[in-house]
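Coming up is one lone chain in structure tokens, specifically the form predicted alone.
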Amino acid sequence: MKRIELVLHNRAYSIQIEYGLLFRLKEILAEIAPGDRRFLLVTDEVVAELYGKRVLESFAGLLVDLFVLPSGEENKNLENLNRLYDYLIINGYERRDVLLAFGGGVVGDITGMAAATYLRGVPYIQIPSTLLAQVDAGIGGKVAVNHALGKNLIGSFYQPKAVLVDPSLLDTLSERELRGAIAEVIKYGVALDYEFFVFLEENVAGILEGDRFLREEMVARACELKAGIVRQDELDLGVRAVLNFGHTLGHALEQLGEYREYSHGEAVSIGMVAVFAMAEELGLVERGDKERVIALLEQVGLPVRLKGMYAKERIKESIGKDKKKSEGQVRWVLPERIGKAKINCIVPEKILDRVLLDLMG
């Protein structure tokens, strides 16, 4: 087992990574949350169909209930959060009881929001089932639901008691979901760690083919990078903004497509190409860096251009609603080179216009 300790100002928890961990949850929970407690396993329709019965059987002897959410980013909303509140209240869950977020980012966010606010806070544990959740959404305590006017606009910071990662769960992801999530992994290399970027260049074919050693290495290194940023900036007041690399345009595209046209990773892929194009125009990166990033994204099978379905002004309007906007201006995260990025960048409108038109061309 690989174990990463995430020590924060007033609490600490571990990220545990191991193939087959999913079916040792009873043993692991006895260490993390000992005593006579109730557990609520929150998952979605897809994960429940694939793993629900086997996981519940592995909990034999514990008091565990199951709550199933509808699948899909479009369901990460107040309506489904309220359904979870109703279940907790009607069934008398108490402060010492534990919520288990077993699923992707939608399940993790809704469960985390419920845990943060039900009875002013109950413990929860992340058991991320998708690559995107394993390396990003499940780590760091950001929990939120979407609003019709933007992604993740209603949320909080609430850290889990633990993050339990089983890379074998990646075997049942759809090809599109796996490839999309690798965009988020590439983000870590592009924005934070050149050596990790090179690892991905050299090994992404094996990762896509299912090499277990390479997948575990990829997940563990990405988790270490995410944990390192969260240690420095738990509440996203400074350096953690670097994790927004590629997300400013990416979130806008997701929202315009009502979370159906582009997956999160596909939108972030286009967003990363966009910020490299902006950085080139501003003279921040060397010629060739953008092409190298595009080559890796294309090797994964990710989009690097817009489909031309949105007008430029609609995209700019959606970008303007970004939650990281400060003093009326959108703050971009731009690369300085592969492996390093800078936050709080202002991009002149004429450059944004040129980049969007080029991506649409």
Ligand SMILES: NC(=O)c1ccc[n+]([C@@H]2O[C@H](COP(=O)([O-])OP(=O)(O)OC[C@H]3O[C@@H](n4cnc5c(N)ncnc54)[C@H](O)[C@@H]3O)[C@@H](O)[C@H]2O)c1
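A quick note: this is a predicted structure, and the numbers were derived from the prediction, not measured. Note that residue numbering begins at 1 and tracks the sequence as displayed. Rigid core (definition): largest C-alpha set, two forms, superposition within 1.5 Å.
Note that the form predicted in complex with the named molecule isn't included here; everything after this is about it.
Undergrad: Any idea which of 23 to 31, 289 to 297, 310 to 318, 47 to 55 reaches within 4.5 Å of the named molecule in the predicted complex, heavy atoms considered?
TA: Of the options given, it is 47 to 55.
Undergrad: Would S71, T172 and K226 all count as contacting the named molecule in the predicted complex, using a 4.5 Å heavy atom cut-off?
TA: Yes, each of S71, T172 and K226 comes within 4.5 Å of the named molecule in the predicted complex.
Undergrad: Could you confirm whether N152 comes within 4.5 Å of the named molecule in the predicted complex, counting heavy atoms only?
TA: Taking the distances in the predicted complex, the answer for N152 is yes, it comes within 4.5 Å of the named molecule.
Undergrad: At the 4.5 Å heavy atom threshold, is G104 in contact with the named molecule in the predicted complex?
TA: Flag for G104 set to yes.
Undergrad: Could you tell me if S263 has a non-hydrogen atom within 4.5 Å of the named molecule in the predicted complex?
TA: Residue-level check for S263: no, no contact with the named molecule.
Undergrad: Test of understanding: in the predicted complex, would A133 fall inside 4.5 Å of the named molecule by heavy atoms?
TA: Yes.
Undergrad: Consider the chain as shown here, without its partner, and state which of M218, I182, A137, A267 has a heavy atom within 4.5 Å of the named molecule in the predicted complex.
TA: Contact check passes for A137.
Undergrad: Considering non-hydrogen atoms and a 4.5 Å limit, which listed residue (E280, E234, E177, D97) is close to the named molecule in the predicted complex?
TA: Here the answer is residue option E177.
Undergrad: Note yes or no: does the Cα of Q159 move by 2 Å or more between the shown form and the other one after the core is superposed?
TA: Q159: C-alpha displaced by less than 2 Å between the shown form and the other one.
Undergrad: Return yes or no for D109: a CA shift of at least 2 Å between the shown form and the other one, with the rigid core superposed?
TA: Shift of 2 Å or more: no.
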